[in-house]
Structures are given as structure tokens and as C-alpha cells.
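Just one chain follows, in the form predicted on its own, and it is written as C-alpha cells.
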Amino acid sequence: MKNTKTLLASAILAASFGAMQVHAADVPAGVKLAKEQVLAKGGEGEPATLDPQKIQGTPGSLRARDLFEGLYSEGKDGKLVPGVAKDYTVNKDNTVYTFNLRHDAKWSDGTPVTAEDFVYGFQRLVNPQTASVYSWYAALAGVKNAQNIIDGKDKVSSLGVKALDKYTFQVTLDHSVPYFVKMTVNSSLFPAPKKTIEKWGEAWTKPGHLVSNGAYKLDKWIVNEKMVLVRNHDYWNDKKTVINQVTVLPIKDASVEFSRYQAGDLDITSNSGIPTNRYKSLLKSTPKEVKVSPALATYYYDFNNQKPPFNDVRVRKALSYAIDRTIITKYVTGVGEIPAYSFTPPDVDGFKAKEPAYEKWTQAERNKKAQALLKEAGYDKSHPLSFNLLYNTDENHKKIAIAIASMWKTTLGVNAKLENQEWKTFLDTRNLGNFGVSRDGWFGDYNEASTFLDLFKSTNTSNNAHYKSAAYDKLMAQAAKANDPAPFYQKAEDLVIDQDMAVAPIYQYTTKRLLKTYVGGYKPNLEDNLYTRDMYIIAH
């Protein structure tokens, strides 16, 4: 039972969230809008799916933010913005969250979005039959019984979610998670249209079948060419939406995307839409179109910790030490990226990782240590280590891979053969563990350190490095229950990187894109959660 103080605090909290600005195109007075409100944007690669509970990677999630809406969204500067939920209350130990849903929220077929749709979405995420690679997210969020259901030890109906009535959705956690509401921004916790999914099965996300609850609905999907979204007039805040049509182009190559932007085919690029060799000249020629801001994300290489020779920590450390991160960020990427030696980015709320030991060394010292470790592991220039370096097709990934392979060859005599694959194939290969070293990147799902460090738990299906450590799992379990998790986060960082080097952090991302000056309403944030419903086209 809540005490009086908790009820009062919850009421104040609910009122404050209810008064927050919602996602909408906030057009300043005096701005003349263009007659044709059509936006074309870069969408990175072709998404493997539009199914919110199955999305993996940026291509799917950036489209999902226009098509669907969860309990909350993220606004400028990372502030929470009410979505389907008007407000919420929470008990004193942050284990029971009760969300009050909008009565006017509807699916694109005109039917209401209800608490049962969220119950179904959450249950669907953890249901082993869904086979979601993001099922771990519900367990990470602390939803009661999530892990047992994922492991097949309990029924889906035992998940800690319920519809108290048509418009009241309640989530019960198995431990205190004070930042739980931040986690609902992720598409895996979006509602799901049960009748549509049961009717069409795997085909439910195709044009003509897809029912969504966001500001837009799917009109056309021509694979490897374009995806066209149009206004969803059943969206609860449709009257505040300005842009009528969004065309998303699946362009993986930064140079190609830049050319399309210059030709007028795009109004806004993806967050990797500025080729490194164009950055400085663009700052001089069109500075108002260059948008660079910090990102809550890390670029890194996975070592397959379960596959020889990468199950040898000496090999992993040698390869990581031999990467000159300053050269990568200054000359290869070159758009404000920060060399990374820890995994958790410095801008995350509430925790700043201390420098691991190898960060304090000079690159010459790292190289010397790398050579000694690799020789100790049985490899040198006369008996070289050879393996494939896997990356998904992209100009920047290729440049980074070439540079790092060259560093390994020069410093260690290592032969790294570059292997690129298209996005869908790459995901399958990496998920199955059919690699030695693989490119990876992680954009935080919410602004708290656990969104990065939980990635290395043994049960996390996005643990692409296949790192398994009982000691690490224990630290993260302790962090989840601690009033101050920072000391446990630091020990976890020390273990996974400084001691075990499960992955090689390379740099902290920046968000870097080009935006036409006639596009208004651009609201960047650390997690690069952008929504077309915020934007508008100015007459030009």
C-alpha cells in the first residue's frame, strides 16, 4: 500500500508529466509554411523488419518512431515526452508503475489503443515463440518474471503486466528501477495490434496489412528503393502534425547519401550522412546545414569470446591495444568522435567511468604490450594470427576496418581479411556467432549506464561478443538493486574491459547529419530519437 506522502508525490509527478509539451510541430509565429509538406530522409540500410518487438538496429527503429508510439517518447535534450500515456504514478520503492492512457489514442484502422495492447506487446516480447532478439530488454527493465518466461520456465501470462481497465496499464517489476519510464521509449515496449498480427502472422508489417498507432502509417515499401509513410489521421495528435508524407531511402553508403542530398533527393540525411572527406569543406560552404551533436553511443569491435583464439584474453588485449584510436577519430572518422577506452560513454546520466589502465599509456607502450601478449599467446610475425574481420556494407565501416587491419598488420603481423555483408545477412551471421572479430555499435536505449553494461550479461541476446562471466552477472545484479549503482558499474567496466577485454571500444559516436535550412522542428538528443511529427517544411 502507498502511504500518503507517496500518493501525494505520485499525484504531483503525474500532473507535471501531464503538463509537459507533447510531440508536435511547434511552428514559430511568422514562419510561412510550404504548401507541399513532404519530407525525404536517409534511412541507413533496409530494415530487417518493422515489427516493434523484433526490430534490431537503427534502420528499423528510426522508421518505427514514425509508425508507432509507446507510453513515452524522447524530446529535445533527452527529456521525456508523454506518448500514449498521459501520465503515471509509481509506488515508493519504484516497483509498480501505473500508466494512465489517452482515451483518444487510436490505431490507424480507427480502433482504440488500450491497456490490453500494451499487455500483449510486452508479453509478445518475452514469448519464446516470438523469438525476439530484444527479449532481454524486458528482463533488463526488471519486468516481473520476464527472464523466467524467456527461459521457458514460466507461462507468458505470468509476466508482471496487467490492464486495470481499458485505459490503465500497470507494470510490476521484480526490483526497484527508478528510470523504468525512460526505458519505455524503446520500440520493443510499444503496444502491438493483436488482431492484425493473428490475422496476417509474419506478413502483418507489409503495406496494406500494417496497423500502426504513430503519426504516420505505411503506404509503400519497395525493398531497397524506398518506404513511403503518410499521415495517420487517426493519430491522437494529428491536428498538430504538419508534414503529410515521409519518404525514407535505404542508403548505406555515406558518399551516395551525400550525393543524393546534394542533388535535392533528400531533405535530411541519416546520422552518418556526412562523408569524412567532406566535413571541413561543408563547414565553410554550408555551415547552417551541418548538424553535429554528442551521441549516447559506442563504436566497438566484438571478439567472439567463445571461439579460439579469441577465447584467449591475451589475444583480445593485444588486438585492442594495437588500435590507435586517436588516428581513427582524427583521420578516418574525423567528425568530432571521441577515442573510447571504456565502454560506457562519458555523457551518460549518473555515472562516469574511470580511465582503464591502458588508456593512460602512450600508443607506443600499448603496441609494445600488445606484441608481448600476442607472442605469449603463440603468435608473432613468423607465425601470424589470421582471421576474418566482419562488417556490414558501409563506406565508413570499410575505412575503419582497413585502417585497423593495417595497424594490426604493421604492429603485430596479424592478417585480418575484410569480410563485408549486407545488413540482414550481417545480423544473422553475428547473431549466430559465425565470426571471429566483428564490427558493432550500441546506441543507448535510455540514458543510464545499464543500457550499455547490461549488454555483457550472459543472458543478454544482444551480447554479440558471447562474453560469459558469473562475476560480471553478479555485479550487474547488485547494481540493479543498489540505491547507488555507480560503484558496481565501475567494477563491471573494470572487469569487462580492463581485465577481460571482451570487446575493443574504439570511439564514442557523434550524431552528424545534413539538414536543409527549410526543414524546421529538428530536435536533436543524445540518443538521436527523431520524430517527423516534430518537423515542418518552411516555404522556400
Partner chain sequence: MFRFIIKRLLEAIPTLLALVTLSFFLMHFAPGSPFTSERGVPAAVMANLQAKYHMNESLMNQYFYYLWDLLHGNLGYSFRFTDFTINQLVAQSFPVSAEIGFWSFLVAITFGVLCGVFAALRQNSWLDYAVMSFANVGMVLPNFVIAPLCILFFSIQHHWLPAGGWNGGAWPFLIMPVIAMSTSYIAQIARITRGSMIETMHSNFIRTARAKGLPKSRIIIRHALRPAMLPVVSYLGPAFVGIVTGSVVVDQFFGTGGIGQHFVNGAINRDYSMVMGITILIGTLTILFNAIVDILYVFIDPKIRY
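Numbering follows the first chain given and starts at 1. If you're wondering where the values come from, they're calculated on a predicted model, not measured in any experiment.
The form predicted in complex with its partner chain is left out here; the points below concern that form.
Contact check for Val348, Asp473 and Asp528: none of the three has a heavy atom within 4.5 Å of its partner chain in the predicted complex. A heavy atom within 4.5 Å of its partner chain in the predicted complex is found for exactly one of Glu198, Glu202, Asp104, Glu365: Glu202.
The contact with its partner chain in the predicted complex, taken as any heavy atom within 4.5 Å, belongs to Glu422 out of Glu395, Glu376, Glu422, Asp174. Within 4.5 Å of any heavy atom of its partner chain in the predicted complex lies no heavy atom of Pro309. Its partner chain in the predicted complex comes within 4.5 Å of no heavy atom belonging to Asp93.
Taking the partner from the other structure, its partner chain in the predicted complex has a heavy atom within 4.5 Å of a heavy atom of Thr461. Looking at Asn213, you'd find every heavy atom of it more than 4.5 angstroms from its partner chain in the predicted complex.
Only one segment in the set 424-432, 74-82, 408-416, 383-391 has any non-hydrogen atom within 4.5 angstroms of its partner chain in the predicted complex, and it is 424-432. No residues of 161-198 lie near its partner chain in the predicted complex, the criterion being any heavy atom within 4.5 Å.
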